[in-house]
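In C-alpha coordinates, one chain follows: the form predicted alone.
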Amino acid sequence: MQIYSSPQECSGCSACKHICPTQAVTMQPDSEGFLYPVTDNTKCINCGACKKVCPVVGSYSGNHVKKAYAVKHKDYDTRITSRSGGAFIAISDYVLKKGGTVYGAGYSDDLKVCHLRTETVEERNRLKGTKYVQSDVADTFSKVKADLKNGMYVLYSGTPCQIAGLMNYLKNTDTEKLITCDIICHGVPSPQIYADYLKYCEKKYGGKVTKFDFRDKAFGWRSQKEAIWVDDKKYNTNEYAYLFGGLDVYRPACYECKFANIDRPADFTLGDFWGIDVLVKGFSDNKGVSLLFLNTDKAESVFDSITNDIDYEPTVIDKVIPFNPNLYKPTAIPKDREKFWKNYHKKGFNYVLKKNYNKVFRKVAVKKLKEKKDNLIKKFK
(Lines give C-alpha, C1' and ligand atoms only; values in the text may rest on other atoms or scores of the structure.)
Protein backbone atom coordinates (compact mmCIF):
# COMPACT_ATOMS: atom_id res chain seq x y z
CA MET A 1 0.00 0.00 0.00
CA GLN A 2 1.26 3.48 -0.91
CA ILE A 3 1.05 5.57 2.25
CA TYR A 4 1.90 8.97 0.76
CA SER A 5 1.97 10.40 -2.76
CA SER A 6 4.83 12.90 -2.45
CA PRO A 7 7.72 13.64 -0.05
CA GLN A 8 5.78 16.68 1.19
CA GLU A 9 3.19 14.29 2.64
CA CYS A 10 5.57 12.43 4.96
CA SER A 11 7.16 13.86 8.10
CA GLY A 12 9.03 10.63 8.88
CA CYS A 13 7.33 10.17 12.27
CA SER A 14 7.24 6.36 11.73
CA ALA A 15 3.76 5.84 13.21
CA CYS A 16 2.91 3.81 10.11
CA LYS A 17 5.78 1.43 10.80
CA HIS A 18 4.76 0.92 14.40
CA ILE A 19 1.04 0.39 13.66
CA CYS A 20 1.50 -2.17 10.86
CA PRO A 21 0.15 -5.54 12.12
CA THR A 22 2.36 -7.58 9.76
CA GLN A 23 5.56 -5.49 10.05
CA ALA A 24 5.35 -4.78 6.33
CA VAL A 25 6.56 -1.18 6.75
CA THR A 26 10.19 -0.24 7.32
CA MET A 27 11.82 3.19 7.38
CA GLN A 28 14.46 3.64 4.67
CA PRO A 29 16.61 6.70 3.79
CA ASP A 30 16.12 8.47 0.47
CA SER A 31 18.82 10.24 -1.57
CA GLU A 32 18.74 13.22 0.83
CA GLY A 33 19.12 10.99 3.89
CA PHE A 34 15.57 11.34 5.22
CA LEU A 35 13.70 8.26 6.42
CA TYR A 36 10.52 7.30 4.54
CA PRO A 37 8.21 4.29 4.95
CA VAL A 38 8.72 1.48 2.45
CA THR A 39 6.08 -1.25 2.21
CA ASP A 40 6.87 -4.89 1.55
CA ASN A 41 3.88 -5.86 -0.59
CA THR A 42 4.44 -9.55 0.11
CA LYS A 43 3.59 -8.84 3.78
CA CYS A 44 1.00 -6.08 3.29
CA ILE A 45 -2.64 -7.11 3.88
CA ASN A 46 -4.07 -3.73 2.73
CA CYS A 47 -5.72 -3.06 6.09
CA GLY A 48 -5.15 0.69 5.72
CA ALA A 49 -3.88 1.13 9.29
CA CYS A 50 -0.76 2.94 8.03
CA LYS A 51 -2.75 5.65 6.27
CA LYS A 52 -5.21 6.07 9.14
CA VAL A 53 -2.43 6.65 11.68
CA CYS A 54 -0.54 9.18 9.55
CA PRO A 55 -0.81 12.68 11.09
CA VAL A 56 0.09 14.39 7.80
CA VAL A 57 -2.06 12.53 5.27
CA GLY A 58 -4.76 12.11 7.91
CA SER A 59 -5.54 14.26 10.94
CA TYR A 60 -4.25 14.99 14.43
CA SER A 61 -5.86 16.21 17.62
CA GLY A 62 -4.71 19.76 18.34
CA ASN A 63 -4.83 21.53 21.71
CA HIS A 64 -5.21 25.29 21.53
CA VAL A 65 -2.62 27.05 23.70
CA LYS A 66 -4.17 28.03 27.03
CA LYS A 67 -1.36 29.82 28.89
CA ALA A 68 2.18 30.99 28.14
CA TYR A 69 5.12 31.61 30.47
CA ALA A 70 8.72 32.74 30.48
CA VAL A 71 10.59 30.11 32.50
CA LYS A 72 14.05 29.80 34.09
CA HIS A 73 15.14 26.86 36.21
CA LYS A 74 16.24 28.03 39.66
CA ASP A 75 19.33 25.82 39.63
CA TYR A 76 22.05 27.70 37.74
CA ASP A 77 24.01 24.60 36.66
CA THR A 78 20.82 23.04 35.28
CA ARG A 79 20.07 26.12 33.24
CA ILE A 80 23.60 26.68 31.96
CA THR A 81 23.76 23.09 30.68
CA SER A 82 20.33 23.33 29.05
CA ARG A 83 19.70 24.95 25.70
CA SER A 84 17.24 27.58 26.88
CA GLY A 85 15.82 27.99 30.40
CA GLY A 86 15.73 24.40 31.65
CA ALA A 87 11.92 24.01 31.64
CA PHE A 88 12.25 20.52 30.16
CA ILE A 89 14.43 19.47 33.10
CA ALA A 90 11.80 20.60 35.62
CA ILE A 91 9.04 18.70 33.79
CA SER A 92 11.15 15.57 33.33
CA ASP A 93 12.26 15.62 36.99
CA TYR A 94 8.57 15.53 37.91
CA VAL A 95 8.16 12.32 35.89
CA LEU A 96 11.38 10.70 37.10
CA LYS A 97 10.40 11.30 40.74
CA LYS A 98 7.27 9.27 40.04
CA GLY A 99 9.40 6.37 38.83
CA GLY A 100 8.55 7.15 35.22
CA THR A 101 10.46 7.20 31.95
CA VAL A 102 11.55 10.15 29.84
CA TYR A 103 11.98 10.03 26.05
CA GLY A 104 13.67 12.60 23.86
CA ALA A 105 16.34 13.25 21.24
CA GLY A 106 19.87 12.38 22.35
CA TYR A 107 23.12 11.02 20.98
CA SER A 108 23.96 7.38 20.41
CA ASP A 109 27.51 6.21 21.14
CA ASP A 110 28.52 7.07 17.56
CA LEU A 111 26.91 10.56 17.82
CA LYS A 112 23.86 9.76 15.70
CA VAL A 113 20.80 11.69 16.87
CA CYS A 114 18.02 9.34 17.94
CA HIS A 115 15.26 9.13 20.52
CA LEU A 116 16.30 7.49 23.78
CA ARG A 117 14.36 5.96 26.65
CA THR A 118 15.74 7.15 30.00
CA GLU A 119 14.95 6.24 33.61
CA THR A 120 17.50 8.19 35.66
CA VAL A 121 18.68 11.78 35.96
CA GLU A 122 22.07 10.81 34.48
CA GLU A 123 20.44 9.13 31.48
CA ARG A 124 17.95 12.00 31.04
CA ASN A 125 20.76 14.52 30.93
CA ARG A 126 21.81 12.97 27.59
CA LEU A 127 18.67 14.60 26.17
CA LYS A 128 19.78 18.14 27.04
CA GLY A 129 20.50 20.64 24.28
CA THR A 130 19.16 21.46 20.85
CA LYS A 131 19.57 18.89 18.06
CA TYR A 132 19.45 20.55 14.64
CA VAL A 133 18.86 17.32 12.75
CA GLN A 134 15.92 14.93 12.40
CA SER A 135 15.98 12.37 15.19
CA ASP A 136 15.25 8.71 14.46
CA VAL A 137 12.50 7.66 16.89
CA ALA A 138 13.45 4.01 16.25
CA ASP A 139 11.29 1.70 18.42
CA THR A 140 10.39 4.27 21.09
CA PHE A 141 6.66 4.40 20.17
CA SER A 142 6.22 0.74 21.05
CA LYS A 143 8.31 1.20 24.21
CA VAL A 144 6.03 4.05 25.30
CA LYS A 145 3.00 1.81 24.84
CA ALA A 146 4.63 -0.92 26.93
CA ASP A 147 5.53 1.56 29.70
CA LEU A 148 1.97 2.88 29.82
CA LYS A 149 0.53 -0.63 29.95
CA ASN A 150 2.86 -1.30 32.88
CA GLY A 151 1.31 1.66 34.72
CA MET A 152 4.32 3.98 34.42
CA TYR A 153 4.36 7.72 34.00
CA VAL A 154 5.92 8.71 30.67
CA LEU A 155 7.21 11.99 29.25
CA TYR A 156 7.78 12.07 25.50
CA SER A 157 9.45 15.08 23.88
CA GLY A 158 9.84 15.64 20.14
CA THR A 159 8.83 17.67 17.11
CA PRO A 160 5.09 18.32 16.68
CA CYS A 161 4.81 15.73 13.89
CA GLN A 162 6.49 13.10 16.07
CA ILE A 163 4.09 13.82 18.94
CA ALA A 164 1.07 13.77 16.58
CA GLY A 165 2.24 10.44 15.16
CA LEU A 166 2.73 9.00 18.64
CA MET A 167 -0.71 10.10 19.82
CA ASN A 168 -2.38 8.61 16.73
CA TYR A 169 -0.49 5.37 17.33
CA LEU A 170 -1.66 5.31 20.97
CA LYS A 171 -5.29 6.05 20.09
CA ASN A 172 -6.59 2.87 21.75
CA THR A 173 -4.16 3.01 24.70
CA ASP A 174 -4.78 4.56 28.13
CA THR A 175 -2.67 7.75 28.03
CA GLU A 176 -3.67 9.19 31.39
CA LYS A 177 -0.06 8.92 32.63
CA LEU A 178 1.50 10.16 29.37
CA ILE A 179 2.82 13.73 29.27
CA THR A 180 3.90 15.09 25.90
CA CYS A 181 6.06 18.04 24.96
CA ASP A 182 6.53 19.38 21.43
CA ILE A 183 9.05 22.00 20.32
CA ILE A 184 8.64 25.13 18.26
CA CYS A 185 10.24 23.69 15.14
CA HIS A 186 11.81 25.56 12.22
CA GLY A 187 12.33 22.35 10.24
CA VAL A 188 14.49 19.24 10.56
CA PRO A 189 17.82 19.03 8.68
CA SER A 190 18.99 15.87 6.95
CA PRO A 191 20.78 13.23 9.08
CA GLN A 192 22.96 12.57 6.02
CA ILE A 193 24.14 16.19 5.93
CA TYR A 194 24.85 16.05 9.67
CA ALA A 195 26.87 12.83 9.24
CA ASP A 196 28.80 14.38 6.35
CA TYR A 197 29.56 17.41 8.51
CA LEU A 198 31.06 15.26 11.26
CA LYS A 199 33.28 13.53 8.66
CA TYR A 200 34.26 16.93 7.27
CA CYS A 201 35.30 18.11 10.76
CA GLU A 202 37.33 14.95 11.37
CA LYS A 203 39.26 15.59 8.18
CA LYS A 204 39.57 19.33 8.83
CA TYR A 205 40.86 18.98 12.40
CA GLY A 206 42.62 15.64 11.96
CA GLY A 207 41.03 13.36 14.50
CA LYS A 208 37.89 11.64 15.80
CA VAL A 209 34.80 13.67 16.72
CA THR A 210 34.01 12.80 20.33
CA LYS A 211 31.32 15.37 21.15
CA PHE A 212 29.14 17.90 19.36
CA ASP A 213 27.06 20.82 20.64
CA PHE A 214 24.82 22.47 18.05
CA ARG A 215 24.75 25.74 20.03
CA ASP A 216 27.54 26.57 22.46
CA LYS A 217 26.16 28.47 25.44
CA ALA A 218 29.65 29.63 26.39
CA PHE A 219 29.03 32.47 23.91
CA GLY A 220 25.67 33.31 25.51
CA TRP A 221 22.17 31.97 25.08
CA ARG A 222 21.62 33.83 21.80
CA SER A 223 24.80 32.51 20.20
CA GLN A 224 24.52 30.50 17.01
CA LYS A 225 28.03 29.03 17.24
CA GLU A 226 28.45 25.29 17.55
CA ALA A 227 31.18 23.49 19.48
CA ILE A 228 32.84 20.34 18.24
CA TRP A 229 35.35 18.22 20.13
CA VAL A 230 37.91 16.33 18.03
CA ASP A 231 39.99 13.92 20.10
CA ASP A 232 38.50 15.81 23.06
CA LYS A 233 39.93 19.16 21.88
CA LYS A 234 37.26 21.83 21.50
CA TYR A 235 36.75 23.90 18.35
CA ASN A 236 34.10 26.56 17.67
CA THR A 237 32.63 27.34 14.28
CA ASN A 238 29.35 28.38 12.70
CA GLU A 239 29.51 26.25 9.54
CA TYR A 240 26.72 23.86 10.55
CA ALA A 241 24.70 26.77 11.94
CA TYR A 242 24.93 28.35 8.51
CA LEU A 243 23.76 25.09 6.88
CA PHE A 244 20.75 25.19 9.20
CA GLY A 245 20.21 28.88 8.52
CA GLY A 246 20.51 28.36 4.76
CA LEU A 247 17.25 26.33 4.95
CA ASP A 248 18.10 24.05 2.00
CA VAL A 249 18.71 20.97 4.15
CA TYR A 250 15.24 20.66 5.70
CA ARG A 251 12.88 17.77 5.05
CA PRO A 252 10.47 18.57 2.14
CA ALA A 253 7.41 18.20 4.42
CA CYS A 254 8.76 20.96 6.69
CA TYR A 255 8.06 23.62 4.08
CA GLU A 256 4.37 22.66 4.15
CA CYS A 257 4.15 21.84 7.86
CA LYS A 258 0.56 21.56 9.10
CA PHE A 259 1.74 21.88 12.73
CA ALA A 260 3.11 25.44 12.37
CA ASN A 261 0.33 27.02 14.43
CA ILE A 262 -0.88 27.31 18.03
CA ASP A 263 -3.09 24.23 17.89
CA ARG A 264 -0.47 21.90 19.31
CA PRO A 265 -0.51 18.09 19.48
CA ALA A 266 1.29 18.01 22.86
CA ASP A 267 0.44 18.96 26.44
CA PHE A 268 3.40 21.37 26.59
CA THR A 269 5.13 23.37 23.87
CA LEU A 270 8.74 24.46 24.41
CA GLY A 271 11.06 26.87 22.66
CA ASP A 272 13.57 29.65 23.15
CA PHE A 273 11.80 32.78 24.38
CA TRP A 274 12.78 35.13 21.57
CA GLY A 275 11.48 38.60 22.29
CA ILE A 276 11.92 38.20 26.06
CA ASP A 277 13.64 41.58 26.43
CA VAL A 278 10.61 43.29 24.90
CA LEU A 279 7.81 41.26 26.47
CA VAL A 280 9.16 40.46 29.96
CA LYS A 281 11.75 43.14 30.69
CA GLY A 282 14.45 42.35 33.23
CA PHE A 283 13.84 38.60 33.21
CA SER A 284 16.65 37.53 30.88
CA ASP A 285 20.35 37.42 31.80
CA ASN A 286 21.46 35.88 28.47
CA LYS A 287 21.85 32.49 30.17
CA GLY A 288 18.63 31.16 28.66
CA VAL A 289 14.87 31.58 28.98
CA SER A 290 12.29 28.98 27.94
CA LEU A 291 9.01 29.88 26.31
CA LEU A 292 6.54 27.38 27.76
CA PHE A 293 2.98 26.87 26.51
CA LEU A 294 0.42 25.01 28.60
CA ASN A 295 -1.98 23.44 26.12
CA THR A 296 -4.04 21.04 28.27
CA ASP A 297 -5.44 20.62 31.76
CA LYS A 298 -2.78 17.97 32.31
CA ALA A 299 -0.05 20.50 31.51
CA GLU A 300 -1.54 22.99 33.98
CA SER A 301 -1.57 20.34 36.71
CA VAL A 302 2.08 19.38 36.09
CA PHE A 303 3.10 23.05 35.94
CA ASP A 304 1.54 23.67 39.35
CA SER A 305 3.72 20.84 40.69
CA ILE A 306 7.03 22.24 39.39
CA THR A 307 6.72 25.91 40.36
CA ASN A 308 9.11 25.48 43.30
CA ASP A 309 11.87 24.55 40.83
CA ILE A 310 11.45 27.45 38.41
CA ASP A 311 11.22 31.21 38.15
CA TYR A 312 8.41 32.18 35.82
CA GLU A 313 6.42 35.08 34.49
CA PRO A 314 3.18 34.93 32.51
CA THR A 315 3.14 36.39 29.03
CA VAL A 316 0.54 37.09 26.36
CA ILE A 317 0.30 34.35 23.72
CA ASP A 318 -0.58 36.73 20.87
CA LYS A 319 2.46 38.89 21.65
CA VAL A 320 5.03 36.07 21.51
CA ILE A 321 3.84 34.78 18.13
CA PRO A 322 5.49 37.55 16.00
CA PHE A 323 8.89 36.66 17.53
CA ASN A 324 8.38 32.98 16.62
CA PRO A 325 7.22 32.85 12.98
CA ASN A 326 6.88 29.05 12.99
CA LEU A 327 3.94 29.44 15.37
CA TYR A 328 1.89 30.77 12.46
CA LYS A 329 3.55 29.58 9.26
CA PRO A 330 6.04 26.97 8.00
CA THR A 331 9.55 27.89 6.91
CA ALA A 332 9.43 28.98 3.27
CA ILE A 333 11.19 26.70 0.80
CA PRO A 334 14.35 28.38 -0.57
CA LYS A 335 14.33 29.06 -4.28
CA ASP A 336 17.73 27.37 -4.63
CA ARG A 337 16.91 24.18 -2.69
CA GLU A 338 16.73 21.96 -5.77
CA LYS A 339 20.04 23.39 -6.99
CA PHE A 340 21.63 22.75 -3.58
CA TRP A 341 20.79 19.05 -3.71
CA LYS A 342 21.82 18.70 -7.36
CA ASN A 343 25.20 20.19 -6.48
CA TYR A 344 25.42 17.94 -3.41
CA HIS A 345 24.92 14.76 -5.45
CA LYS A 346 27.12 15.92 -8.31
CA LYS A 347 29.93 17.85 -6.57
CA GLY A 348 29.82 16.60 -2.99
CA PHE A 349 29.33 17.90 0.53
CA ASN A 350 32.41 20.13 0.72
CA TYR A 351 31.28 22.07 -2.34
CA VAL A 352 27.77 22.83 -1.05
CA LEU A 353 29.10 23.61 2.44
CA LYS A 354 31.39 26.31 1.09
CA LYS A 355 28.79 27.69 -1.30
CA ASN A 356 26.12 27.77 1.40
CA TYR A 357 28.49 29.38 3.90
CA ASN A 358 29.27 32.21 1.49
CA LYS A 359 25.56 32.71 0.77
CA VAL A 360 24.54 32.90 4.44
CA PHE A 361 27.62 34.96 5.39
CA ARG A 362 26.61 37.62 2.87
CA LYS A 363 23.03 37.54 4.17
CA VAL A 364 24.18 37.95 7.79
CA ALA A 365 26.59 40.76 6.84
CA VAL A 366 23.86 42.70 5.03
CA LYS A 367 21.55 42.29 8.04
CA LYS A 368 24.21 43.59 10.45
CA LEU A 369 24.95 46.59 8.23
CA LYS A 370 21.26 47.43 8.09
CA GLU A 371 21.00 47.19 11.89
CA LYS A 372 23.98 49.55 12.30
CA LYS A 373 22.46 51.99 9.85
CA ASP A 374 19.08 51.91 11.64
CA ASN A 375 20.79 52.45 15.02
CA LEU A 376 22.72 55.46 13.66
CA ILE A 377 19.53 56.97 12.27
CA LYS A 378 17.82 56.55 15.65
CA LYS A 379 20.84 58.06 17.44
CA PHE A 380 20.87 61.27 15.40
CA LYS A 381 17.14 61.78 15.22
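Just so we're clear, the structure is a prediction, and the values are computed from it rather than from any experiment. Note that residue numbering follows the sequence shown and begins at 1.
Omitted from view is the form predicted together with a small molecule, to which the following refers.
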Inset, instruction - Flag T180 as yes or no: does it have a non-hydrogen atom within 4.5 angstroms of any non-hydrogen atom of the small molecule in the model of the complex? - result: no
Legend entry - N343, heavy atom within 4.5 angstroms of the small molecule in the model of the complex: no
Inset, instruction - Could you confirm whether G85 comes within 4.5 Å of the small molecule in the model of the complex, counting heavy atoms only? - result: yes
Legend entry - the small molecule contact in the model of the complex: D147, any heavy atom under 4.5 Å: no
Legend entry - Listed residue that, although the small molecule is not shown, lies within 4.5 Å of it in the model of the complex (heavy atoms), from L247, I193, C201, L127: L127
Inset, instruction - Would you mind picking the one in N295, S157, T118, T140 that has a heavy atom within 4.5 Å of the small molecule in the model of the complex? - result: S157
Legend entry - Interface stretch in the model of the complex with the small molecule - options 193-201, 87-95, 301-309, 234-242, non-hydrogen atom within 4.5 Å: 87-95
